[in-house]
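Let's start with one chain on its own, the form predicted on its own, as structure tokens.
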Amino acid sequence: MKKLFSFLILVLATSSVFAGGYRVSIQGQKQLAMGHTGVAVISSAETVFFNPASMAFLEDKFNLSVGASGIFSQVKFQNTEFGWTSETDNPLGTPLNLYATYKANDWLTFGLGVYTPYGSRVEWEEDWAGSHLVNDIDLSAIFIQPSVSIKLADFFSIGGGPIYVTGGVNFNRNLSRSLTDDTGENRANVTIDASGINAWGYNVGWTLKPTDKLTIGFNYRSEITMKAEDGDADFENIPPSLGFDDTTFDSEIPLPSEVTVGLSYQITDKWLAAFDYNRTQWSAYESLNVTFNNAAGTSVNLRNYSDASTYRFGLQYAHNSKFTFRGGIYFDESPIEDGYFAPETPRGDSVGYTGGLTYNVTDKLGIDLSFLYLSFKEETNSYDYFVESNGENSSFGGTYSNSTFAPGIGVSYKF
């Protein structure tokens, strides 16, 4: 029975792919509207996230950007061979972001970023066909990022700083396809809960402006290891003969490192174009090992992710002193290999369509609007490594289709 729990803490993996498999990038309304480009775009305090080196090139002494987005997402599943159909009922997710910069002098600028890249929830229908893998997930994380930028020359700057992450997770699944309590009516299930999961990382970058029109940027974000220690595991409807009591667990997963390079070009006084290339080292996530502090022992959950790339394109049009319009598109590769397609991360390759605008209320205050529509490639795939109570692997699969819509609003202030 020990291997019966091989997927018990699989949900912790979702922190590396955002909210149940939707790797939605929402770290600022202005840059999101431009296809989430930003490593070489110098326009607001949002550069704290995209490339802190660029803070030194901001013209104003103080910059502030605050924003939030609503995430509306849905996943549909079907398996025509067995007649299985289901869909998620996902409550509204609300990622937040706050960025501020302060120019101490001509060559030194400080910044702070607070954002929630993994803050949403996924709920499948009760006792659906894949409930032995996952029923629901509730994941939250807050990133706090102080930064500093130093201008080494009129055309070149460096920057970076530490990243502190704090968050928690709650996850529920049934223990097997058929296990019930002694009445035969209630499915055996487990809920795990871990809060106060804290970790440290860092990011560094540089910005090069060889001409007034061309900007080139580089940013590296380190791998961050999230460790859940002494989390709670609550077992329900377990036959007494199995002898599984409530317990605690320990586990850890890597949030992979990533490199982003890009450029922006001021085509005319009104038009700005940008391109970013991002490479994420998902191969760091080979498996998830979970140690239960009771007779359940340690379970090993294979993931074997592959490194993946994202290509981002954005345009900005400064219509007049009041209105600036933005649009973009990005192509995001899935890191999930065939045979490892689990319903808590049901994502294939995706295309993100973005747009938005800024309305300048005054010279200092602006309102930023954005939207993202994320369309995922329909995937017919399976997870082939669920370990049944007899110790044999079983497969669960079908066709997944999903999409996400995320409108956002923010406020920018400078002086």
Partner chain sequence: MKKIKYIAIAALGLVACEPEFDNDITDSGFYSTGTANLDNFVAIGNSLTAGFADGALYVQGQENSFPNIMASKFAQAGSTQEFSQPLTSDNLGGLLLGGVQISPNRLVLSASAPGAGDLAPVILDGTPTTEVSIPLTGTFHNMGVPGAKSFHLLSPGYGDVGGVPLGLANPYYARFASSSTATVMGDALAQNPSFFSLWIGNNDVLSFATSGGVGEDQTGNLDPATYGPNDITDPTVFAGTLDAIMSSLNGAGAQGIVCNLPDVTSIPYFTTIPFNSIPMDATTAAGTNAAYAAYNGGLLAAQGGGFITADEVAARTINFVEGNNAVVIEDESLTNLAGLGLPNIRQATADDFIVLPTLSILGTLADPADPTSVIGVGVALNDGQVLTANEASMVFAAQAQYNATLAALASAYGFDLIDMRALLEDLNVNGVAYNGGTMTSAFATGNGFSLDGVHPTARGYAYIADQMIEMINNNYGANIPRIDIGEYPGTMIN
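Quick caveat, the model's predicted, so the values are computed rather than measured. Numbering follows the first chain given and starts at 1.
Keep in mind that the form predicted in complex with its partner chain is missing from the display, and what follows is about it.
Though the partner is left out of this view, residue 281 does not reach within 4.5 Å of its partner chain in the model of the complex, counting heavy atoms only.
Contact annotation: residue 83 falls within 4.5 Å of its partner chain in the model of the complex, judged by heavy atom distances. A residue is said to contact a partner when one of its heavy atoms sits within 4.5 Å of a partner heavy atom; residue 226 fails this definition for its partner chain in the model of the complex, lying far away.
Shown alone here, residue 166 lies farther than 4.5 Å from its partner chain in the model of the complex, counting heavy atoms only.
Contact annotation: of the candidates 220, 271, 323, 331, the single residue with a non-hydrogen atom within 4.5 angstroms of its partner chain in the model of the complex is 323. 180 is the sole member of 172, 180, 257, 247 with a non-hydrogen atom within 4.5 Å of its partner chain in the model of the complex. Remark: of stretches 105 to 113, 193 to 201, 68 to 76, 148 to 156, the one touching its partner chain in the model of the complex is 68 to 76 (heavy atom within 4.5 Å). Three-residue candidate spot 184, 241 and 378; every residue lies within 4.5 angstroms of its partner chain in the model of the complex by at least one non-hydrogen atom. Contact annotation for 377 to 403: residues with any non-hydrogen atom within 4.5 angstroms of its partner chain in the model of the complex are 378, 388, 390, 392, 393, 394, 395, 399, 400, 401, 402, 403, listed in sequence order.
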